[in-house]
Structure formats: structure tokens, C-alpha cells
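As a starting point, one isolated chain is supplied in C-alpha cells, in the form predicted alone.
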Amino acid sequence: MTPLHFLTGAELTPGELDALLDRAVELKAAPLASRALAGRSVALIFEKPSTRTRVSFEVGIGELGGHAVVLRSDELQLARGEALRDTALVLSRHVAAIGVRTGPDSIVQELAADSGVPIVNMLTARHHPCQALADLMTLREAYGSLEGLRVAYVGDGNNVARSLALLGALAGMHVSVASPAGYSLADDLTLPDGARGLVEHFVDPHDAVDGARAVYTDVWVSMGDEQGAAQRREALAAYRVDDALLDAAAPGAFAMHDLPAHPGEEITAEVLYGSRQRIWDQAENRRHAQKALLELLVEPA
């Protein structure tokens, strides 16, 4: 049987996404209620550093009764030129699923082509779907239904913005993305089949946040963008999430951020550590949403 992979989030149907979020809420209320991975292992390959991804996956797998095999790229024969195909074929004989945090999307795609177990995208250059699951869970906790919910993303149209747009539209949300010229998703975004929501693109962040119930941002200089840091900071300077921008959104709107944050750049310290945010809920919800995802993907033993 061909495994169901989770590379972009578009692999899910709207119904599967709804059920996954329902299950994530249940698992948050009873973290040790499931033993879906009892006696089984999940390989977690890290070619990029991590705090939230590693901790949330490793702890979550343990809570499901499983064992996380954490592998850095320099600990694998991949570092010496072994083929991705060979790696997928070998690991598939030992583990129930494989998570990968890497750069090019082609790596997870190639692994998925030859893996006999689910491949989970823990982050690539173009997608961060596990983060988006936690984001939707956080919004669901705050507002109940996601259908028709208006959310704004301001800043660099990166992997976090893309996954929020894709999975948000699949959940029926209205996602507004504001980015300066050269940083927009507008020319490079195709919504998944079954998407019930809408994605709009803006230049002015105040236009994007009008009516939004949450305002999301991410760092201006991501991993791999350091060489153009000064140019990026200049281009994105008008996209900082502060109290004034939240005031322009819907009453009661809160800030969101996938972390790590750089207070004073994309978000003010007052918002990051204040009462107008759900950022630390997002960080916790990574674990619960990913546990629900693994329950969905991994075939029962």
C-alpha cells in the first residue's frame, strides 16, 4: 500500500484536515491518551537546526509510545554521497515514518518517491506544513470554526506564509498576505484541490489586516538569507507587527509568529511578550497537531 506522505499539506482533504484538528484538541486535553506508536520508531532527519520542531516531535512521539531516532545530516551516509533513494529504502525497513527538516523541497520529494513509510516535511525552503497545522489549531482554539475566518500575514512571502495560505484555504479561511515587491507569494501560489477559502495579496499591510482576527509574521532574515540581510530588512521595515498594526485589525485581534523571533525587527517586544498574542500557544500546539498527524499517517501495527 502506498503511504500517505505529508509534504505540503495539500495531500489532505478538507475533511481529513478538520478531523486532524479535532483530534489534536483531544490529544492536548489528554496527552497520554494514545499509544498509536507503541513499540515503533520514527526517524527524524535534521539538516537544519531546530528548537520547536525537534522538541515537539521527539516529546510527541514519546507520548504516543514510540521512539524518536534523531539523525543529524553529518551522522548519515548522505553526507558522504549515499543516494536519497538508498536512504529511503533502508530507513523504511526500520521505522514507521520519517520526518525531514532540510533545504530543497526536492529532497523530501525524492525520499517520498522511494519510501515505504510516510515522509513528513518538518521544514523545507518552500513549505512548513507542520507549523501551519499548529497555527490552525491555535486559531480554532481561539475562535471555534475556521470557516470564513479572516487572518492576515505580513512580511516575507516565505515557506511559513505559503503553508498558512495553503492549509488556511483548505480549512475555509480567508488569508490576506501583505508583502513588498519582490517578496510576494502572488505569482507562485496554487491552492490545493478542495480549498474552500480564499487567499488575497496586498502590498500595504494595513489593507491586509483590515478585518483580520489574527496578524501573523515571521523573521525578515531566514536561514539561508543572511547574505542579503541588509536589503531584506530595508524592504520589510514597514511590515513590523506592533500595537498600531493590531489596532488596525479586527477588535480583539492577536499576533502570531512561528519563532524564533527578533524583537524590534518583524515584531515589537511589547507584542511578543504582551497580552495581544497567541505565540506561545502556537509553539506548544506543534506537539499536539503533529501527534494527530502521525496517528493519521502511520498504519496500525
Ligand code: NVA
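For every residue, the number given is its place in the sequence shown, counted from 1. Keep in mind that this is a model prediction, so the values were computed, not measured.
Same protein, other form: the form predicted in complex with this ligand, not shown, and the subject of what follows.
Asks: If we take heavy atoms and a 4.5 Å cut-off, which stretch out of 37 to 45, 230 to 238, 255 to 263, 60 to 68 is in contact with this ligand in the model of the complex?
Replies: Comparing against this ligand in the model of the complex, the contact stretch is 255 to 263.
Asks: Pick from A112, L133, L123, A169: which has a non-hydrogen atom within 4.5 Å of this ligand in the model of the complex?
Replies: It is L123 that has a heavy atom within 4.5 Å of the partner.
Asks: Tell me, out of S179, T138, N158, S176, which residue has a non-hydrogen atom within 4.5 angstroms of this ligand in the model of the complex.
Replies: If I apply the 4.5 Å criterion carefully, the residue I get is N158.
Asks: Within a 4.5 Å heavy atom cut-off, is S222 in contact with this ligand in the model of the complex?
Replies: Flag for S222 set to yes.
Asks: In the model of the complex, which residues of 126 to 140 put a heavy atom within 4.5 Å of this ligand?
Replies: Stretch hits: a single one, H128.
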